[in-house]
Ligand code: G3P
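For reference, the chain that follows is the form predicted on its own, supplied as structure tokens.
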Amino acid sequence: MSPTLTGKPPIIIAHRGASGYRPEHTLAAYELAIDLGADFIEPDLVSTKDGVLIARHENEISETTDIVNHREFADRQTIKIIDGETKKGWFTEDFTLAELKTLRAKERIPEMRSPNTRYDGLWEIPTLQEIIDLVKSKSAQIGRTIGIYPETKHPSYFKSLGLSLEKPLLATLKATGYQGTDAPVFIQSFEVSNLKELSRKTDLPLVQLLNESGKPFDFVASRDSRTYADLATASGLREISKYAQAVGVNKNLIFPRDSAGKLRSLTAGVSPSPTFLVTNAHAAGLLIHAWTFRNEDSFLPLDFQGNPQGEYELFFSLGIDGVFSDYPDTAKQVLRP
């Protein structure tokens, strides 16, 4: 097994909480994730109309809340262009926190996770502050420090509305004692410019997210020709290391899949082999965290359907520094049997 960058065991990042077992981005999902052994919990952050950071997968909330049942908000359904994509629905930036607190969360993918629908309607949309309060309370209760791994969602879009995500995020983290390079925090983004801005304002660890296709939206807006693939090269990773401490990568960038969904051999006639992404990230001094690990066959490569543990074992063998998982108990079971 290859070593991690620091020589420490990989961290388990609960992707939107224990979202395999509870509706994502609820305090219940985060608390369960901690109970199942997660080292970090991951809230995606968007803004309310009154500038409060809340946890939702997207700022369009019809898939993750019961807003369609709230007739008092029917007239706020609208169409917007978010990062170049046309979306219809209800958007967090059109509601105050007080209004959003009248909604209840629901399972985002009920067709795949029908057991989670039993919890529909039970829990509110949590604020960043409420998440931090939970983490601190649970850390004290169990005697183990739990970290937070917030993502700034659509930062250029929210900045264009005068609803910066970065300013309230840093203010909240500072006010709650998260300071310094060793603080149990990672701030992540798919965009580049906001991470560079953050690097000038904080010494908290920053994470550049890399997808297997496309490019950061701020590159689209600025007509920068570079793509995520360019950022994932050895030279691109060295550039990232100037403003970030880690990369969070789509796991297909480490082990590509073929058209049938099987892990692809990078050399003809040879069993599946990884790219050099982990090696190159470590050479640039970057931690590398891979996403997203899920137990359902519909998400697994053909090689590991029915055996999600095997997928973890394969990736851990490469020396990756962390995994984003919807099922943190499975990750923990493999990492620390």
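Bear in mind the structure is a predicted one, so any value in this text is a computation, not a measurement. Residue positions are given as counts along the sequence shown, with the first one as 1.
The same protein has a further form, the form predicted together with SN-glycerol-3-phosphate (G3P), not shown here; the description that follows concerns it.
Task: Location of SN-glycerol-3-phosphate (G3P) contact in the predicted bound form, chosen stretch of 187 to 195, 93 to 101, 221 to 229, 138 to 146 [non-hydrogen atom, 4.5 Å] - done: Selected range: 187 to 195.
Task: in the predicted bound form, the residue from Leu169, Leu263, Leu209, Ile254 that sits within 4.5 Å of SN-glycerol-3-phosphate (G3P) by heavy atoms - done: Looking at Leu169, Leu263, Leu209, Ile254 one by one, just Leu209 meets the 4.5 Å heavy-atom criterion.
Open item on the list: Just checking whether Asp44 would be counted as a contact of SN-glycerol-3-phosphate (G3P) in the predicted bound form - the rule being heavy atoms within 4.5 angstroms.
Closed with: Answer yes; at least one heavy atom of Asp44 falls within 4.5 Å of SN-glycerol-3-phosphate (G3P) in the predicted bound form.
Open item on the list: With the partner left out here, check for me: in the predicted bound form, does some heavy atom of Glu107 sit within 4.5 Å of SN-glycerol-3-phosphate (G3P)?
Closed with: Close contact is absent here: in the predicted bound form, Glu107 is far from SN-glycerol-3-phosphate (G3P), nothing within 4.5 Å, heavy atoms only.
Open item on the list: So in the predicted bound form, is SN-glycerol-3-phosphate (G3P) close enough to Phe324 to count as touching (4.5 Å, heavy atoms)?
Closed with: Yes, Phe324 lies within 4.5 Å of SN-glycerol-3-phosphate (G3P) in the predicted bound form.
Task: Distance check, His57 to SN-glycerol-3-phosphate (G3P) in the predicted bound form, heavy atom within 4.5 Å - done: So His57 counts as contacting SN-glycerol-3-phosphate (G3P).
Open item on the list: At 4.5 Å, heavy atom to heavy atom, what parts of 131 to 155 sit next to SN-glycerol-3-phosphate (G3P) in the predicted bound form? List them in sequence order, or say none.
Closed with: Going through 131 to 155 in order - heavy atoms within 4.5 Å of SN-glycerol-3-phosphate (G3P) in the predicted bound form - the hits are Glu151, Lys153.
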